[in-house]
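We begin with a single chain expressed as structure tokens, specifically the form predicted on its own.
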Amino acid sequence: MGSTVVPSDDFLLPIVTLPQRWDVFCSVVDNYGDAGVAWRLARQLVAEHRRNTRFFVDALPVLSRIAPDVDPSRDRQNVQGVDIIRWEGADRPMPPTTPGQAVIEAFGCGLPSSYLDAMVALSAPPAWINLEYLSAEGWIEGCHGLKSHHPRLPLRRYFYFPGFTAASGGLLREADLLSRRDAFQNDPGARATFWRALGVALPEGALAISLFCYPNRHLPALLDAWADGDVSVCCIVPEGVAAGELDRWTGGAVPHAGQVLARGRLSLAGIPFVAQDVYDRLLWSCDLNLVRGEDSFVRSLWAARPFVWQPYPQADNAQLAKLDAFLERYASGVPQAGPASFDAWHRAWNDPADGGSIAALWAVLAAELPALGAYARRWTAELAGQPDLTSRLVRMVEELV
């Protein structure tokens, strides 16, 4: 492959000549999932599909926490083959630039008016895709791939819904993800080296549980259940996660990276906020993963380990409909239904009012972890039979341009 330089209106970034250019726009609202999903997509477009990809993002400090090679002080940089460009959001002017053949608007973040005008000026308008949030709800299948006309400009935008069925947009999954997972999980030495690198010393016989949740009123009761239970638990917590609940439960002694707080049968082990690839290995290493939102949720599915999911809290508790839809789909994914504790735990963990007896539920869940793990592996293997999101998206764009 030869190399070239983008023209002056394209920020003078050195790139590798690839057959097609894609622009991915992402505006970070208040968490890491938006940037996480968009960054995984951008990386995979370059690494596996040879798409020349520019990633426009308005929160480089957030991105740098999950992609440490990113320098949050730089307006323009190339990381892992992706041209990363700081932008100020849809309502702010941006420097003139020629749009790519494909334009991905992540999660309806909006596009600057000047960029839209530049899309119109092209001899052939780009494929404009709105990448929606993941859902297991049945209605998305009827909306996936639908188009809408811009109210002012001669442009069409297509809606892309990630999901769990062949009629949806699929899930992000790198081509070698599951083989890397299996090699890691089948190598005790690799896992031991990983724990040492994180600075985590697992107590003998303890369950390893990763905690990545939104503020959750039921967390103190769960910590009590772990501390007072019959099973030794080591809970691994990235810095800043559930800080309010942890601060109240520990009396202000929240463990920072490299620190451990022990109470009863529970050890709270603080770790840094890690890069995406490191977080994958954390999920692969744990006996149970508490995850949230979209990015960590999808990665926990591919980890093929027991998990508990907390959807992003929404007004009027709209997230509960998404939870119900997923639980129904998860139970019907393979011939053998999953253990009943899975549903009960999810509903209690996400109950906006009374979570029920977390302690009693934990005793049941802990006993069923082996069955939950076997079920997760079967369900994940079934899901992996479908094409991944990026491959489906590339095919869709090829049909449009």
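In this text, all values refer to a predicted model and were calculated from it rather than measured experimentally. Numbering starts at 1 and follows the sequence shown.
A second form of this protein, the form predicted together with a small molecule, is not displayed here; the remarks below concern that form.
For the options Ala275, Met94, Ala227, Leu177, the one in contact with the small molecule in the model of the complex, meaning a heavy atom within 4.5 Å, is Ala275.
Shown without its partner, this chain lists Arg292, Arg281, Arg173, His144 as candidates; in the model of the complex, only Arg292 has a non-hydrogen atom within 4.5 angstroms of the small molecule. Although the partner is absent here, Tyr32 is a contact residue: one of its heavy atoms lies within 4.5 angstroms of the small molecule in the model of the complex.
Mapping the unseen interface onto this chain, Arg40 counts among the residues with a heavy atom inside 4.5 Å of the small molecule in the model of the complex. In the model of the complex, at least one heavy atom of Gly36 sits within 4.5 Å of the small molecule.
In the model of the complex, no heavy atom of Ser285 sits within 4.5 Å of the small molecule.
The putative spot formed by Phe194, Val233 and Phe307 is not touched by the small molecule in the model of the complex; no residue has a non-hydrogen atom within 4.5 angstroms of it. Residues of just one listed stretch (156-164, 207-215, 259-267, 94-102) have heavy atoms within 4.5 Å of the small molecule in the model of the complex: 207-215.
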